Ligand SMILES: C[S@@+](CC[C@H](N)C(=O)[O-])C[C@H]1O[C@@H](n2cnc3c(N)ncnc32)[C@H](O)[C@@H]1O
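The chain below stands alone and is given in structure tokens; this is the form predicted on its own.
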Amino acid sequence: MASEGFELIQLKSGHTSLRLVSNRETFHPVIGPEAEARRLHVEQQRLTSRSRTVSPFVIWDVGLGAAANAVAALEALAESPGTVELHSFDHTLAPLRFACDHSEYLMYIRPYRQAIEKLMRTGQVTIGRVVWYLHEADFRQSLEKPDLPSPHAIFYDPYSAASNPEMWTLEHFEKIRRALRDDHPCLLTNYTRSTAIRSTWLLAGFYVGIGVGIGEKDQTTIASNQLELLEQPLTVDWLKQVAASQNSNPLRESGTLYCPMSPTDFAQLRQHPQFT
């Protein structure tokens, strides 16, 4: 079933998800939207416990898509003792509209369909203790807003670097890192296990660790502005993998991703506080 550039697909797990027809990228492949969102973002970020000590607890949901990550946060935090601000970013609402139109196949959407429709109309909706904000624009532009609150959690879920390279550049992640407040401990979770992306985040000023496995991936990647938040940070031994890799170069606005890292970048990476 396909319309508006998207189609519903049956995953190996038996769950239903969306796929963008133009680039053939599937949302939350293998284990499905609900399970991946909970494991990769909600549980790994320890949202329930971390949100108890901060109010408002701010989440950036980058790449709203069909709202699986946002709904997982809503379900985990609706009864939070404090206020939660959930800021969802996407340049288009097409996948969300498609998901609502096909909510009979996407079980996680069903209980929230009316709230999501209101969110799309008004840009804001309150569910329990969560105030959900919609930013329908290029995230890179939203990032420049002076009133955008610094996050305690970032769900980073845009399309891959192969089809959406502008969301993966070193310059872009440097801007994200500058938007974080040092007195706001923050975790960023993503599905990648790429050496190049991990190098990019480190060079942008993040601390980077090995994230949980999902589906057929034995690991993903987690980053933070504070080293002590990472349960399994990359060690100095990981630099051997960078040196040996043919695909470790960080993606820049003018440059290529799939090549070895330059000696200059490697020297800078070696001096990162995580490895000294």
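Only a predicted model underlies this, so the values are computations on that prediction, with no experimental measurement involved. Quick note: we count residues from 1 along the sequence shown, nothing fancier.
Same protein, other form: the form predicted in complex with the ligand, not shown, and the subject of what follows.
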Tell me which of 201-209, 177-185, 157-165, 74-82 has residues with heavy atoms within 4.5 angstroms of the ligand in the model of the complex?
157-165
The listed residue (L47, A66, I222, L251) that reaches within 4.5 Å of the ligand in the model of the complex by any heavy atom is A66
Of the residues R97, R129, R193, H91, which one places a heavy atom within 4.5 Å of the ligand in the model of the complex?
H91
Taking the ligand as it sits in the model of the complex, is Y112 near enough to touch it, meaning that at least one heavy atom pair lies within 4.5 angstroms?
no
Under a 4.5 Å heavy atom criterion, is Y133 part of the interface with the ligand in the model of the complex?
no
Should F57 be counted as a contact of the ligand in the model of the complex, where contact means heavy atoms within 4.5 Å?
no
I'd like to know if E144 sits close to the ligand in the model of the complex, meaning any non-hydrogen atom pair within 4.5 angstroms.
no
